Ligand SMILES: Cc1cc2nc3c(=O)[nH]c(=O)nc-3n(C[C@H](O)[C@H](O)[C@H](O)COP(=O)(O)O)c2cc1C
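Shown below, as structure tokens, is a lone chain in the form predicted on its own; questions about how it binds or moves come after it.
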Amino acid sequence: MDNVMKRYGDSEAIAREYFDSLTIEFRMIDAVNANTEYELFGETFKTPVMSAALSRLDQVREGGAVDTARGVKNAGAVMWTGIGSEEELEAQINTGAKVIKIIKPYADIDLIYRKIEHAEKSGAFAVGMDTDFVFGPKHNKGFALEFPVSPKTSGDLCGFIKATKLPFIFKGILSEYDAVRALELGAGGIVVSHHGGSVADYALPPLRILPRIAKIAGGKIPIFLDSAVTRGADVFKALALGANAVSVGKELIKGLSADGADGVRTLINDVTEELRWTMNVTGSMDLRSIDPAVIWDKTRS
């Protein structure tokens, strides 16, 4: 019974099922080879395919955190990073990658401010917080590794935003309510995510709530999506439904494990090429021209 309940409640599996329930309409006449270039915070990248905010990559491969940054840079993409030492963050940034540092909602507020300050001084591209992690993961409730976490008030979040000149991103938004509050508080971006299913069972698929959150944002701030993304067609579906860029996590770890920085670069390039091909066959000449009407679900007639 426990195994059955776990299988049917698995948030990542539910998100994957929703991705696979959506199909894509072809538009071939007058189609052209697509341009996947992506602009974020004044910088231009080759692709909207980004790394997820991963942690403990040195356990995947020696030097894995820096190898990931190097591979992401060589793919012309944006790097996100999670839990790690100050030295690790500095080394990632020193590869030349544009690195977004995501900080856990630690119970120690001073620790959060120190990490924000260090990220800015080190040259991070942006900074943010895992707003969905305030109670910790299912397997380690109340903690992010060995550090206690705790819920954060609107006042706390305003303080973090004001503590830096960098864009401050709210990662882990999975409701219209939180999207509205994030916008009101001054978020510099929103990641629609359920943390890869690690926070709670039966979570709403991020892709399903994405169009509503994108409508709330109204183009004022960038909208990102992660969780259950494995291929370029997934990225296309997310872009069509309102995301500006999309993160890949578990598949990227496979590339890192297999071939270090080259494996990361190859994975991002391969996902980008499938995205480009999907754009080609839907008449999408660039990211701005992707039409959400090409996405069909099983109930559309």
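Just so you know, these numbers come straight off a predicted model, no measurement behind them. In case it trips you up, residue 1 is the first one in the sequence shown, and so on.
This next part talks about the form predicted together with the ligand, which is not shown.
Site test, Val127, Lys165 and Gly188 vs the ligand in the model of the complex, non-hydrogen atom cutoff 4.5 Å:
No.
Heavy atoms within 4.5 Å of the ligand in the model of the complex: which of the stretches 49-57, 36-44, 271-279, 258-266 has them?
This holds for exactly one stretch, 49-57.
Find the only residue in Val72, Ile100, Val229, Ile173 having a heavy atom within 4.5 Å of the ligand in the model of the complex.
Contact check passes for Val229.
Partner-contacting position among Pro211, Gly76, Gly82, Pro222 - heavy atom within 4.5 Å of the ligand in the model of the complex
Flagged contact: Gly82.
Heavy atoms within 4.5 Å of the ligand in the model of the complex: does Gly249 have any?
Contact with the ligand, yes.
Is Ser193 near the ligand? Define near as a heavy atom within 4.5 Å, in the model of the complex.
Yes - in the model of the complex, heavy atoms of Ser193 and the ligand come within 4.5 Å of each other.
Taking the shortest heavy atom distance, is Val66 within 4.5 Å of the ligand in the model of the complex?
Output for Val66 is no: heavy atoms all beyond 4.5 Å of the ligand.
4.5 Å heavy atom contact, Glu12 and the ligand in the model of the complex:
So Glu12 counts as contacting the ligand.
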